[in-house]
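As structure tokens, one chain now follows by itself in the form predicted on its own.
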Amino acid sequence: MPELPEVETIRRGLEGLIVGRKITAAVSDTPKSFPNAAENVEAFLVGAAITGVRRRAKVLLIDLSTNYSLVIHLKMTGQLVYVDASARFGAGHPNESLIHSLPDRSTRVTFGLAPSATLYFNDQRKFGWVRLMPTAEVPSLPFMLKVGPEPLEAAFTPDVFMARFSRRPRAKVKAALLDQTVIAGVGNIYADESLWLAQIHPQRLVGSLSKDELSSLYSAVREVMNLSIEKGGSTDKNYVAADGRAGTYLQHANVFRKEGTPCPRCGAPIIKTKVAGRGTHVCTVCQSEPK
């Protein structure tokens, strides 16, 4: 599943392509991927202009002139592919659908965009979805009510970060980082990289961290996320950036998938273990184990 930097990369890419365009048609092949009443599609989607593209955690929001929004979750194999006479831009699971003729067997929703462009939502495994709903109701979605604050917003200060983490003093710090109700959008790659940068072992309990350590982790999370967005995301195994190129963040990673190599800070070996049920990469010296 794409993480926050990947979804933000998609948002930025699509924003420059689709904002201002009018939606002329919306056709889907399964209600699972497009669970919307036909009368609402006709009344609030077809004929509407796209006024903005936003992101909340790992969810994309396309706002419409009708005061409705498309809420999009790519899940594991979703794609968004924009095509017009002179350009093609793909984002998501990197299979042939990004470059081959569309629609194809994985196309779930096709949006016509005036004057002569198309936006395709493709999803091989049908786990992703595109929901049409009043923009004012989006914050009331169960997911939106539970998800934590955005780590890169100005309002997300060190004090807010510490307050969120203080709610889980008995949790391992990596588990708390991955908990979307604590902080939005931090996935496995960025948790490992942030903990390495802050020199904190992922098995440390939140309650054992000093104020200085939490401050260091706060800064590390923001630094790692900003760098990943700058590099177009991590691209892991199933992601390409909004212009169809692979994100390059993993080329800059310090520990993720670096097991058996020297730590770039101290030279000790990087190991791979399991924390919070996830593969976890740790420096054996810089990130000392809890006693």
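Bear in mind that the values here come from a model prediction, so they are computed numbers and not experimental data. All residue numbers are counted from 1 along the displayed sequence. If you superpose the two forms and keep the largest set of C-alpha atoms that fall within 1.5 Å, you have the rigid core.
Below, we turn to the form predicted in complex with the DNA, even though it does not appear here.
Enquirer: Do K58 and the DNA share at least one heavy atom pair within 4.5 Å in the predicted complex?
Expert: Answer yes; at least one heavy atom of K58 falls within 4.5 Å of the DNA in the predicted complex.
Enquirer: K172: heavy atom within 4.5 Å of the DNA in the predicted complex?
Expert: Output for K172 is yes: heavy atoms within 4.5 Å of the DNA.
Enquirer: My question is simply whether N95 lines the interface with the DNA in the predicted complex - judged by any non-hydrogen atom within 4.5 Å.
Expert: No, N95 is distant from the partner.
Enquirer: Just checking whether V160 would be counted as a contact of the DNA in the predicted complex - the rule being heavy atoms within 4.5 angstroms.
Expert: Although the DNA is absent here, V160 would stay clear of it in the predicted complex, with no heavy atoms inside 4.5 Å.
Enquirer: Out of the stretches listed (254-262, 45-53, 221-229, 60-68), which one is close to the DNA in the predicted complex, meaning heavy atoms within 4.5 Å?
Expert: After filtering at 4.5 Å, what remains is 254-262.
Enquirer: Using heavy atoms only and a 4.5 Å cut-off, determine which of M133, L152, M76, A114 is in contact with the DNA in the predicted complex.
Expert: The residue from M133, L152, M76, A114 that makes the contact is M76.
Enquirer: Out of 117-150, which residues reach within 4.5 Å of the DNA in the predicted complex, heavy atoms considered?
Expert: If the 4.5 Å heavy-atom criterion is applied to the DNA in the predicted complex, 117-150 yields Q124, R125, K126, F127, F143, K146.
Enquirer: With both forms fit on the core, is the shift of the CA atom of F156 between the shown form and the other one 2 Å or larger?
Expert: For F156, whose C-alpha is compared between the shown form and the other one after core superposition, the shift is less than 2 Å.
Enquirer: Spell out whether the Cα of R108 moves at least 2 Å between the shown form and the other one when the two forms are superposed on their rigid core.
Expert: Yes, because once the rigid core is superposed, the C-alpha of R108 moves 2 Å or more between the shown form and the other one.
Enquirer: After the core is overlaid between the shown form and the other one, has the C-alpha of R125 moved by 2 angstroms or more?
Expert: Yes, the C-alpha moves 2 Å or more.
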